[in-house]
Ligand SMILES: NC(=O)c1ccc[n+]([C@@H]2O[C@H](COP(=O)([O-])OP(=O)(O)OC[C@H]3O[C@@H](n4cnc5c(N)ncnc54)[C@H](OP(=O)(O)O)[C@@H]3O)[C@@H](O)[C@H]2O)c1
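Take a look at this single chain in structure tokens; it is the form predicted alone.
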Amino acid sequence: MLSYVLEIGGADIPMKISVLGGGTIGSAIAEALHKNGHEVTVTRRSVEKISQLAKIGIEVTSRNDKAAEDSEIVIIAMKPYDALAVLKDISGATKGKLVISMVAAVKERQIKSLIPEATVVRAMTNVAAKVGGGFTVYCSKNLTEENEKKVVKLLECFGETEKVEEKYMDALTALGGSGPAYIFTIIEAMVYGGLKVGLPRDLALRDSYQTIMGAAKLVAESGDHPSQLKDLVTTPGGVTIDALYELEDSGIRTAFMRAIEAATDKAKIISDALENFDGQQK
């Protein structure tokens, strides 16, 4: 198994990491970190809801303060208001530590104001991190070279990673963070299409997700624009052009653009609403 652990003094040393918030994203990144050899603790108010993590060797607890205190790196994966309240509570436990926020819409400077003695990184991934297929973006103003290497190593446990300007984070949350939901909808629609023309359900599902994975890999590895690759498949008088005609008639591209714009706008609205939240009350 390929293990993304940190190389310190020539040796591979697993990190002790706490993931505060064992929801969908928190559980996904905890599993990825665990698979890559790190010692992981996950928190949630109701530990029964993350019992599946305990079964694979991940420590679970309801104590955010204790988890943060006992770890080298803290990852926050909660809803915005919950995260800000927790950050205020654990401020003392984060002194001198690296804290990575996976919280949507909360700006780096607001996180830093609540945990001033920590090194803060704002990041965003998606649920595909669970299988190492995520795309994780991050930003931070004051990372040392050593901490930058730590951040990249950890985020690579979730898949591809890239440093970006913070001004893009809300849009990337809408595009990549929410993106799997769009793709799941496409897969479901393709399966229904297969069922409509008589394919067995399992075969329609397998063909749908494999086609999407293959097409995405071709875009990633060929370097060609998607429109060029689409044209390769679309022959005069063939079956593909009839299908594309129906998709264009449905306004599919406009629908996707509107969806991403709406999600970006919502992230910005939440971000603006959080500006005056002090971590204690709405």
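Residue numbers run from 1 along the displayed sequence. Here the structure is a predicted model, which is why all the values come from computation and not from measurement.
In what follows, reference is made to the form predicted together with the ligand, a form of this protein that is not presented.
Distance check, I25 to the ligand in the predicted bound form, heavy atom within 4.5 Å: Residue-level check for I25: yes, a contact with the ligand.
Contact label in the predicted bound form: R45 to the ligand, heavy atom within 4.5 Å: Flag for R45 set to yes.
Any non-hydrogen atom of D82 within 4.5 angstroms of the ligand in the predicted bound form: Yes - in the predicted bound form, heavy atoms of D82 and the ligand come within 4.5 Å of each other.
Do N64 and the ligand come within 4.5 Å of each other in the predicted bound form, heavy atoms counted? Yes, N64 sits close enough to the ligand in the predicted bound form that at least one of its heavy atoms falls within 4.5 Å.
Which of 95-103, 137-145, 110-118, 195-203 lines the interface with the ligand in the predicted bound form (heavy atom within 4.5 Å): Checking each option against the 4.5 Å cut-off leaves 95-103.
Since exactly one of A129, M78, I75, I90 fits, which has a heavy atom within 4.5 Å of the ligand in the predicted bound form? Of A129, M78, I75, I90, the residue with a heavy atom within 4.5 Å of the ligand in the predicted bound form is M78.
Would you say all of V86, T125 and G177 touch the ligand in the predicted bound form, counting a heavy atom within 4.5 Å as a touch? Checking in the predicted bound form: V86, T125 and G177 are all within 4.5 Å of the ligand.
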